[in-house]
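One chain follows as structure tokens, the form predicted alone.
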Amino acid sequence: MNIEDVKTIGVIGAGNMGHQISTLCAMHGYKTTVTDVSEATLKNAEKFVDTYLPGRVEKGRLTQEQADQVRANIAFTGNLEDAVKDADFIIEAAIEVLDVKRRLFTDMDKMAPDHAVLATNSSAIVSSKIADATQRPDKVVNMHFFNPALVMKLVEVVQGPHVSDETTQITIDLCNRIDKVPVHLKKEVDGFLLNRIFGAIFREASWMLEMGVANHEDIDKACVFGAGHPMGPFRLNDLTGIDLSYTMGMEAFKRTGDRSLLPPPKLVDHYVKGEYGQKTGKGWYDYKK
């Protein structure tokens, strides 16, 4: 199998990452089916596509004919089997909880064609912890997009010890076909490449906030105007989701027992209050004002 054999893509999870990844694939000519266990999430994903495409036409980025073709390329279903039964390449973008992913991959393995690659968009869980839940471990790979997936160019392709060279190359080639920039990680490491770097920055920024060295606005300003970052760590955390950071921190602690990986107290406070960032209108910053 090679990239020329990939015609149909299944996306598992219609949340913020899933609906953007599926839209991206459809825009580059792939027949794409996206599924989610939540009917509300699935409806929101379809609403996003039906708003996004006319916006691209209005801005002159797509012709109406192109937008119509993209819309025809993407389908939504609440049934997992319908999303994967004809797929050549499957991208899972579900919640960052290992047990959930393992169950999903076991089910997908039974439902998908034997040749299909099963990729996970996980930002923290290495695919070797998932692969043995399937009968095709050599075809289970990390394909980590960055938020927002329609804009951010980088995709991390992580080749664990179980992943075949063929699977790795197909995944890298697919990244190129959908106009992304793949980086090939030749071995697994918790947090992968960029999140390890940004995680260290966010942990240090969080503890300086906890110690009262500076408030979150000034820490963000320091990173933007001193280090040249496009946005500070707290603004970025609001964009990617405080709930995601909380879940990833807790899962990392469960895996390693390292208390330094636990979410810092002020982040936990936002999480408990349901203040997840931009998606809820409030996080480190208040977006309702």
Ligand SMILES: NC(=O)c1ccc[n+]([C@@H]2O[C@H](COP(=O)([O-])OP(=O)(O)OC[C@H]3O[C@@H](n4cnc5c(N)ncnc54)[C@H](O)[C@@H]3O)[C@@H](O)[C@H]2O)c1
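All residue numbers refer to positions in the sequence shown, first residue = 1. Computed from a predicted structure; not experimentally measured.
Omitted here: the form predicted in complex with this ligand. The next part is about that form.
Touches this ligand in the predicted bound form: Asn147 (any heavy atom, 4.5 Å): Output for Asn147 is yes: heavy atoms within 4.5 Å of this ligand.
Gly277 within 4.5 Å of this ligand in the predicted bound form, heavy atoms: Heavy-atom contact with this ligand at 4.5 Å: absent for Gly277.
Touches this ligand in the predicted bound form: Met17 (any heavy atom, 4.5 Å): Taking the distances in the predicted bound form, the answer for Met17 is yes, it comes within 4.5 Å of this ligand.
Contact label in the predicted bound form: Leu194 to this ligand, heavy atom within 4.5 Å: Looking in the predicted bound form, residue contacts with this ligand do not include Leu194, since no heavy atom lies within 4.5 Å.
Options 167 to 175, 93 to 101, 67 to 75, 180 to 188; stretch whose heavy atom lies within 4.5 Å of this ligand in the predicted bound form: Careful reading of the contacts points to 93 to 101.
This ligand: the contacting residue among Asn44, Ser260, Ser38, Thr63 in the predicted bound form [heavy atom, 4.5 Å]: Partner contact (heavy atom, 4.5 Å) among the options: Ser38.
Residue among Ala222, Met250, Leu244, Val49 with a heavy atom within 4.5 Å of this ligand in the predicted bound form: Checked against the cut-off, the match is Leu244.
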